[in-house]
Structure formats: structure tokens, C-alpha cells
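Below sits a lone chain in C-alpha cells, taken as the form predicted on its own.
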């Protein structure tokens, strides 16, 4: 699809996003005059509620259509993006080859943000989750979204040049989301550890970051016994993906970010078997890996002036005669021994090895791990935010602000030492699961903390309720792309370590 920015010769089909504000009545009156409809009727029929759509047809102009798209009272980035995605998803079979998004009524100070959000949402609405359906003959072939179609951003002429970077960003994010959605939505019989490794190598070459795959022999050499233990019940061997973007030299003093993402391609729970009712959703247990991969893709394509190091442990948590057993004691890359009291608490085990390995190779300014780790975080705060765990007040503030900026919210959880007391083991250095029915997301974070080498700017994000969720875009739960924009926004607004306050939690 071709994306254009213009101010004249607008297409016959326009999408007009409208907010519930004091200017709505006058804008509706103007639209009524332009389309030849009764102004009072239009004001009664369209309130600009979130995801409200009203189609108007131009009098005497064949093919002229205006889709009024309600945004509600909120005009945050994610609100705009989701509303435009909803419209495209619902109407894409009816839209012609050329469609415009009319933003000429938007205040100049909001124009770039609005342009990026609206364009990204519209492009995301073209995503098709049915990759494994048998192709069916379309009575009405979809025109909008094919290679010959056009999406035109209609702007005041004097703002076109300065809005071009926002339009480019929107396309980069939308392309990355489409790739990540395919990966995370893929079923477990296709998305094996080998598949993810191959996919990442190909993606790295296309998007501009380097990828190295550490296979079984390498994992043994690096003593990544926790990752090997989690994967040994599967016929598909585990691996560690090592990603790099940006110059290695620190002469220019660019910030260095270490990112770790949980990459369990399917999680049965192992010997500590999960209930069967929702096990089919466990193809989603690599939401953290997807977020890290998406961040690398977008950062490389946008050419962010940062250095990024990624460590993604990839494994399938299955059950057979070789599988890890409750009560087993295993080693780790950090040299610590772990009593495995629950094989379904496998995410923290593979994160432990990935974090320890990353810190042996590099010393990042910031270290962040993301994982669909615990159901406990969903019980604690639901599905409106991910859990944020860190001992750095400054890092917590910046991550939370990044989340608010892009609509991927975080809620900080406590990290007091008392929560780690139940991780003590009689037979090993620590155990991976407390067995208690409360505060499990916190004790999981405290477990992971043991493998961060006391890094002053480490944060753990439990995204279990956010990476794979219910939406209007699928019959069941599906990939959301949560974490990609959060990480990019955070890195773009990062303050250098010597500018950060030194306070930490009591």
C-alpha cells in the first residue's frame, strides 16, 4: 500500500476522526453543509462516542463517502489508534482502493501525534488473523490494503513536511505489529523453538539487527542449565537468541539497553500440568519475546541512536520421560542452584539464565525483562496494565511515564525483601516457587532479582494480562503487541544515568 500526505485533490472516500469536545457541534454543522444533510439530524444521530461510525454520502457525487469516526472524550495515542483500527477492521471489505484520513481540523500542536496514531491504527486494521484458514473465493475482492491501493493523510499544506516523520513511524510500527501478530498467534505445532530461531534470523536481516543463535552445545558451555532443564521434555531443543543493534563502541556515549524476553513457544506446565480448559492459549507464552523482537525491529528501522542487546530464551515446556520434575535441583548460568518446586514456574528459570548471560557479556545502562509470567498479576490488577517491578524510583517513573505516553500502562508493585523470604530452599540456593496462593507475581520478581547482579537500573515487567487478550479483532484471545511501543517510547526519552536521581525504595 502507498501512503501519501496531501492537502488537495482528496479522495472520494474520507475518514474523519472527531472528538467529543466543544467544537464538535460546529464541525458537524460544517460537515452537514458540505454533504447536504440536515445539521440538526446529524447532531442527533452522531455523538462521537468511542468507535461510533456514521457513513455519509455526498449529494450528487457518485462514490463520495465520509466515515465519521467517534473518538469519545479521550484523544490519547492508544485511543486514537484503537478507534481507527476498529473502523478499518469493520469496513475494509467495503473500502475502495483510495481512502483518505482527513485531519485538517486538528490543532497544529496535536497534528503529528494524531497523524501517527490514526495512520498506524488504520494500517493495523488491515491485519488478518486467519492465516491458517482454507482460502475461499471472495465475491467482492478486497481493494483497500492491496499493493496498488493508497492511504492518503489529508493535512493543512504548511504542516505536511513536518508530519512526514510521524507518517513514517506509523508505517514502521504497523509493519512490525503485523509480523509480531503472526508470530504470537501461530499455533504451537508450527511455532517451535526452531521456527522462532529461523524467523528471527530472517527478520534480523530484513530489518537491520544482528542475530546469533546459541544451540544446545553453546548452552552447555555457558552453563545455562535452567534453560536446558525447561526444554528437555520436548523433542524441540531450547536455544538462546542473542540480538544486537547499534554500535559497540561507547565513544559517542549512546545509551545501552539490555532487553530480555520470555520465549516459551508452548507451555503445558510440564509435570506440574496446567488445567486443560485454557491450555490452548499457551501458544501465547512468548509475549515478552515478541515485545523485545518488535522493539528491535522498530528501533533498527527508525535508526534510533542507541545500542540494544537482546537475550531471548526460547523453549517448549512439555512433558515426557525426560521432563524436569518437581523437587529436582538444577544449576544456572549465574552459578546458583535452584530447587524446582513447580515446573509450571518455568518462565523465571529461563529468564534467570538469559539475564545472567547478558550481564556476563555486556554492562547495559538499563536492564529490562518482559514476560507473560504469572496469573497472579492479572488477579492483582486485571487487564488494564502490566506489573512493574524495580528498586529504582527513577526508572519506575520513566517507564510509567512512557506507558502513559503511548497507552501501554504500567502499575508499580512492591519489591520489599520480605517477599523474597519464601524463596529459601533447604537443598539449594533458592527455590523457584513459594507454593503460597498470594503475591506470586512479587515472589517471581524477587526470584528473578537474584540473577540481575544487583543492576541499579533493572526492571521486570509482568505482561501476562496484556500481551494476549480479548478484543473485537478476533473470536478469542489474540496478540496485542503490548510492550513494543512502550520500549521504544522509553528508550527515546531515556535520560543518561548521571542525570537520574539516586533514590531507591525503602
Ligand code: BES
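Residue numbers count along the first chain shown, from 1. Computed from a predicted structure; not experimentally measured.
Not pictured, yet referred to below: the form predicted together with the ligand.
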Partner-proximal stretch of 368 to 376, 84 to 92, 157 to 165, 353 to 361 relative to the ligand in the predicted bound form, 4.5 angstroms, heavy atom = 368 to 376
message = Since only the chain is shown here, I'm wondering whether residue 274 would be in contact with the ligand in the predicted bound form (any heavy atom pair within 4.5 Å).
response = yes
message = Residue-level contact is defined here as any heavy atom of the residue lying within 4.5 Å of the ligand in the predicted bound form; does residue 381 satisfy this criterion?
response = no
ask   = Is residue 449 a contact residue for the ligand in the predicted bound form, using a 4.5 Å heavy atom cut-off?
value = no
ask   = Could you tell me if residue 52 has a non-hydrogen atom within 4.5 Å of the ligand in the predicted bound form?
value = no
key: Heavy atom within 4.5 Å of the ligand in the predicted bound form - residue from 422, 128, 342, 397   = 342
query = Which listed residue (433, 242, 181, 144) meets the criterion of a heavy atom within 4.5 Å of the ligand in the predicted bound form?
reply = 433
Residues within 4.5 Å of the ligand in the predicted bound form, restricted to 279 to 297 and counted by heavy atom = 282, 285
